[in-house]
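Just one chain is shown here, as structure tokens, and it is the form predicted on its own.
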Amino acid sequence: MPLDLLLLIYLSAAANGLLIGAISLPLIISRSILFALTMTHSILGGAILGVYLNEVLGISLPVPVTAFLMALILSILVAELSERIFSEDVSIALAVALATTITVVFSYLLAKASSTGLSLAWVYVAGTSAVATLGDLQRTLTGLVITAPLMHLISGEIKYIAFDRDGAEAMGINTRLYRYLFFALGSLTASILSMSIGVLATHVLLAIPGAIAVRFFRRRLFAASYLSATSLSLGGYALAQVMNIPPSGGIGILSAIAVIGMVVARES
């Protein structure tokens, strides 16, 4: 493999890791991992809907935009339902059910109407091949520049709202604004990652780096989250090349090893 292409692949892997590190810790400390489940389900549904619009109806709306908008809409739905009617767990379950319904219905319609549609949609499940493009790197870096500074800025308020929402409101914190911003950044991050490493690997990686940081580090938690996520991403890409599988496969294997390691460390 040419050196410039190899460098591009690992730069993209490092950028993916940094992007994951920026969102993983806030998800853990705000107890919002179930929210990550909503994002990944809705991104898959949005991606399949986007492919259907492109391949069958001829509507030239970029699939990443459709995936992001679906994740954002369902995230807002979770926020509104948990704000007004149900608990957050019930609201997330309803949103996941809706996202799953969209996925199933449009997968069926896509399979009937287009022979290549499902293969295009499958990219969002398993991720792309191990060959990265300059566009992939630019997209990830753009997401990182937007997400990381804002996450550092609002992480304290997000944690406070998660543990004492009434107290946060009594102090004059606009809890709805912070939650919507958090959900929007989470949706943006997950949609970008799903284009490169796939929905399944994204779902796994959103939780593990933050969990490692909280479990094994007392200080510099964000630095630990970035380091863990980047290591898993770079190691996953390297393992994928050795095994000749998509990056999501290598990342998934390393993530499983990390989870087992945390369990063993806890028991010892």
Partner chain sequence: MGEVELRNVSYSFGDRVALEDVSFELDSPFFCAVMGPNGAGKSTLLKLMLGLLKPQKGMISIMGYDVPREANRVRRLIGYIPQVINIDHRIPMSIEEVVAMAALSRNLPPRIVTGEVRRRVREALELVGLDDPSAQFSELSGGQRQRVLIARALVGEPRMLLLDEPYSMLDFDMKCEIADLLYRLHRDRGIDIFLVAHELSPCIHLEPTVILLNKRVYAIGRAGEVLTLENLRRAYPGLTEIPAGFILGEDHG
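Residue numbers count along the first chain shown, from 1. Every value quoted in this text rests on a predicted model; they were computed, and no experiment measured them.
Just so you know, the form predicted together with the partner chain exists too; it's not on screen, but the next bit is about it.
Legend entry - in the predicted complex, segment of 189 to 197, 148 to 156, 96 to 104, 111 to 119 with a heavy atom within 4.5 Å of the partner chain: Heavy-atom contact with the partner occurs in 148 to 156.
Legend entry - Complete contact of Asp4, Gly135 and Thr140 with the partner chain in the predicted complex (any heavy atom, 4.5 Å): No.
Inset, instruction - Sort through Val204, Leu37, Ala238, Ile29 and report the residue having a heavy atom within 4.5 Å of the partner chain in the predicted complex. - result: Looking at the other structure, the residue within range turns out to be Ile29.
Legend entry - in the predicted complex, Met171 touching the partner chain (heavy atom, 4.5 Å): Residue-level check for Met171: yes, a contact with the partner chain.
Legend entry - 4.5 Å heavy atom contact, Asp164 to the partner chain in the predicted complex: Yes, contact at 4.5 Å.
Legend entry - is_contact(Phe86, the partner chain) in the predicted complex, heavy atom dist at most 4.5 Å: Because no heavy atom of Phe86 falls inside 4.5 Å of the partner chain in the predicted complex, the answer is no.
Legend entry - Contact label in the predicted complex: Tyr180 to the partner chain, heavy atom within 4.5 Å: Result no; Tyr180 lies far from the partner chain in the predicted complex.
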